[in-house]
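For this one, two forms of the same chain are given in structure tokens, first as structure 1 and then as structure 2.
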Structure 1
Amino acid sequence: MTYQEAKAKLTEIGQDQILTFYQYLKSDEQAALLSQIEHTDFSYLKELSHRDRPLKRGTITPIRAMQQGEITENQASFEAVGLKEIRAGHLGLVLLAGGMGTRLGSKGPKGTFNIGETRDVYIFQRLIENILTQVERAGVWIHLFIMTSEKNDQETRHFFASHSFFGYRSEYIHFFKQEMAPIVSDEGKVLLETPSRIAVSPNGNGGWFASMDRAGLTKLLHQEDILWLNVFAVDNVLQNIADPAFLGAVISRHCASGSKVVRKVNRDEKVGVMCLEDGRPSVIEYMEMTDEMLDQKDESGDPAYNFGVILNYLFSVPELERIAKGILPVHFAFKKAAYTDQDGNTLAPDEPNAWKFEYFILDMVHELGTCLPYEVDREREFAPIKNLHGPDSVDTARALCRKNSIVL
């Protein structure tokens, strides 16, 4: 893209402040900025006009989760169905590792964080070890797709390679980068991170399938006849990935998706829980719940809204392809973002100053129309690391690992 083309494109959308410092840049910086302008998706900006409109929710009703009792009763048959699928190569795995991990504040990508106490135990290593348990059980390798972002891609690839992929067969690991979205001021102007770079952030955990497609990996799904994808977060170091019983249960119940869930610890636990919204699976956040909903009971006398999501999902690939062309809603959040002011100074604000755009994976579940909430034991499968200390932290995850006899 030439300077004139960039200028015309940006003037048309009222964003030519992006070129403020262009004439003072070195030629390689000018080229990089023009390329970034060419490849940035500015269509997110249209969404900003909805920012003051309250979130419109449909009618919320409870969803029935498959609880541990029912799972135990059917364990053998679910596992048989799931193992058969895995052995036929029909399952692939997607690790979502494109997030910024700002709350943890680690230097590198979140998965490179070392939670070991007497030896090195990296978050990525824990996840690979968990997958290897199922690989050994099934006796086949499972394709693992790892989503990074432009901010951590090189470091993540290098980390895996320098640790010999923690024993995983490297031909079965496929990295891809997620899309980035521009960061915008409250006045609707795209911010500059430096005089020669537009400020961008990863576009949320819901953009993974579109990004996989753009990276050409859906071709591999077809070639390898991968029909199911188990998508999971980077930060839960105890999760059971490629779990045959979960896969078997979702297939047996003819659902297009499945979501591992954990039972709330008490009525007021501040977690989003699974529900139906206008008859389709969804999540209701704690602050959206009325007292009436918090006290509502199901036919067994248990709380009707009792199961929180843990970001471990199964998706049917043909169903994903059916919705792929549909448009997921864009969410926006007002957050802190470093930026370059009119005088070329880079500022790091203490207060939120900018809008970031994100797609949510939950909206995919909603679009797919059917989902099996599948209860897992939180003591055995849920040790998320969001913070260094306090709730959902390195400390709580270490304690749970110890309880599960994992040597740290």
Structure 2
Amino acid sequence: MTYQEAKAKLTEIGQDQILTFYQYLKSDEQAALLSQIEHTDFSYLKELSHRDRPLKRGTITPIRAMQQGEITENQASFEAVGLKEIRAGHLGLVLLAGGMGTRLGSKGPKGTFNIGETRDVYIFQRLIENILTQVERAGVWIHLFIMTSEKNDQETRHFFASHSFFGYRSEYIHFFKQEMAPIVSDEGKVLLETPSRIAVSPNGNGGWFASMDRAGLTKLLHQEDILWLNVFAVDNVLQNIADPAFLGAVISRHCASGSKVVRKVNRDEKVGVMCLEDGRPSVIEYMEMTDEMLDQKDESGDPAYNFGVILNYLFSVPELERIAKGILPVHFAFKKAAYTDQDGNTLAPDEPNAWKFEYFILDMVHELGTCLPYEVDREREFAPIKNLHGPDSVDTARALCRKNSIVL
């Protein structure tokens, strides 16, 4: 993109302030800014007029989860269906790994954090080891797509390569970067992070499929006849990935998606729970739940809203492509964002000053229309690492790993 092309593009959308410092930049900085202008999706700005629109939820009702007793009764048949699909190459895996380890006191990608006690054991390593268990069982390699971010892409790729991909065949690992959305002031102006760079932020955990598509990887899905994608977060070091019973259960129940869930530890646990919204599967966040909902019981006397999501999903690829033709709702977050003002000063505000745009994976579940909440044992499959110490921390994850005879 030339300067004249960038100028015309930005003038048309009222954002030519992005070029305020262009004439003062070095040639490589100018080139980088022009490239960023060319590849930034400014269509988000059209949504900004809805930023003050109140979040309207539909009618929320309980959803029935497939509980562990029913899973155990059907374990053999579910696994047979799932293993058949995996051996046919119909399953792919998507690791959402764009985050950094800041809250763990690390400057690197979150997945590179070392949780070992007597040896080196990295978060990425634990996830690969979990996948390899199912690879060995099925006797086939499974394509693994790893979503990185602008901040950690090169470091993540190098980390995997320097550790020989932890024993995974490298030709089955595909990296792609999450799309970024511009950060916008309350006046609707795109902010600059530096004089030569637009301020951007990741477009949310619901942006993964669009990011895969833009990276050209949906072509590989068709080439390899991948019909299902198991999408999972980077921070849960115990999760069972490529679980044939989970896949078999979702297929057997004729659902377009599935969500692994865990039983809440108490009434007020701060976790999003599966529900129905206007009769379609959805997730309601803990802060949205009323006392009436928290106290509601099902026919067995158990809490009606009792199963929390752990960000381990199955999605039908044909159904994903169907909803990809539509538009998922954009969510707005008003947050603090450092920026460069029109005088070239870098400012770090104490209060929220800018809008960020995000897509949510829960909206994908809702749009697909059918979802199987699939209960797993939280002590065997749920060890999230969100903090260095305290709840959901390195400490608690290490303890659960030891309980599951995993040597750290």
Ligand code: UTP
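By rigid core we mean the largest C-alpha set that fits within 1.5 Å across both forms. Just so we're on the same page, residue numbers count up from 1 along structure 1's sequence. From a predicted model like this one, the values you see are computed outputs, not experimental measurements.
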Between the two chains shown, which is the form predicted together with the named molecule?
1
Verify the C-alpha shift of Ser185 between structures 1 and 2: is it 2 Å or more after superposing the core?
yes
Compare the position of the CA of Leu10 between structures 1 and 2 after a rigid core fit and state whether the shift reaches 2 Å.
yes
Has the Cα of Leu400 moved 2 Å or more between structures 1 and 2, judged after a core fit?
no
Align on the rigid core first, then pass along the CA displacement of Glu351 between structures 1 and 2 in angstrom.
4.4
What is the C-alpha shift for Phe334 between structures 1 and 2, rigid core superposed, to one decimal in Å?
2.7
